[in-house]
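Before any questions on how it binds or moves, here is one chain, the form predicted on its own, in structure tokens.
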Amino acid sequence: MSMIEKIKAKARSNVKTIVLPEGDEIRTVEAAVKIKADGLATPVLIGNKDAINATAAKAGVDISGIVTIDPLKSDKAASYTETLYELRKSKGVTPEDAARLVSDPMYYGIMMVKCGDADGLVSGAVHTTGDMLRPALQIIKTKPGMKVVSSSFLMDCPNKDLGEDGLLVYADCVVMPCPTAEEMAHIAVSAAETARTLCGIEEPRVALLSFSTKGSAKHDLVTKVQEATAIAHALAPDLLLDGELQFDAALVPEVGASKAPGSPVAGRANVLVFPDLQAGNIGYKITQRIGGADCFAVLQGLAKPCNDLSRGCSVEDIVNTVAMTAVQAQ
């Protein structure tokens, strides 16, 4: 069974409610039907009901069993408006501002998650990452003790000698362009939690990557990774974590034994934390395109799960991301 099939099986075991605020987008509507039919989650389509119904008719799918909500006609709008005003009035948000925001499907969906009426949210077929992440950070906020929202890519590699039977977690490949040492440490801790929650990896082994292994090179960029490693140890003292390590020292047993003898991680890492977004984004695409890995992206660090899609996503991409979001919500 592939990694994504294992995630889907876990999603079915404890069905969660996932909001889709792009409710009148055709791929989203088609995905909602598949999600419902496959028992992966209870999908909720947000938007104008006439527009949603017209999209479903165009797609030739039956959405009669799927919950649809129009924020402009919802009986929850008033309570969401009051809650949002209380949350944001210190930032200058007025009651009128709050009402206007709640009428927007994205903000309405975020408020559903905040107020416990849904367990998670998935968007991005139309909206940018910022369109979703901005209200999520304002309203849902980060997990207690977590200072940053970041991303992990779940890399399912054909070479089963790598990581955890071919499974590797790469972070951060989407969100933080140039994390500080402290931010890199928080990304490492979040990625380990993603490995446990989504991938079923009981023992995450986290490598903080660099072009240096254990002081083999001297540079401010190397120092940052060394500092990040120390901070991450303080944040999660029981986590198997080491750095700075070169990519091959993290993954290849012989190289790890030679370059970092005695390391609890070197040569057998299953979670790889990149020093910046350039390295992470390039690294996952090399692994995908040259290494033949299947890859799946999730956001991490929010108090409740919200995930982003590529605007070029397929119906199956939406289905997979909803399944992952549902498991994060468990």
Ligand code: ACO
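In case it trips you up, residue 1 is the first one in the sequence shown, and so on. These numbers come from a predicted model, not from an experiment.
Just so you know, the form predicted in complex with the named molecule exists too; it's not on screen, but the next bit is about it.
Q: Name the stretch: of 98 to 106, 137 to 145, 248 to 256, 157 to 165, exactly one has residues whose heavy atoms fall within 4.5 Å of the named molecule in the predicted complex.
A: Within 4.5 Å of the partner lies stretch 137 to 145.
Q: Would I231 count as touching the named molecule in the predicted complex under a 4.5 Å heavy atom rule?
A: Result no; I231 lies far from the named molecule in the predicted complex.
Q: Please run the contact check for T129 against the named molecule in the predicted complex: heavy atoms, 4.5 angstroms, yes or no?
A: Residue-level check for T129: yes, a contact with the named molecule.
Q: With a 4.5 Å heavy atom cut-off, would you call L277 a contact of the named molecule in the predicted complex?
A: Result yes; L277 sits at the interface with the named molecule in the predicted complex.
Q: Test of understanding: in the predicted complex, would Y80 fall inside 4.5 Å of the named molecule by heavy atoms?
A: No, Y80 sits far enough from the named molecule in the predicted complex that none of its heavy atoms falls within 4.5 Å.
Q: Have a look at V113, L239, I201, M176 for me and say which one sits with a heavy atom within 4.5 Å of the named molecule in the predicted complex.
A: The residue from V113, L239, I201, M176 that makes the contact is M176.
Q: Does anything in 294 to 330 come within 4.5 Å of the named molecule in the predicted complex by heavy atoms, and if so which residues, in order?
A: Contacts from 294 to 330: none.
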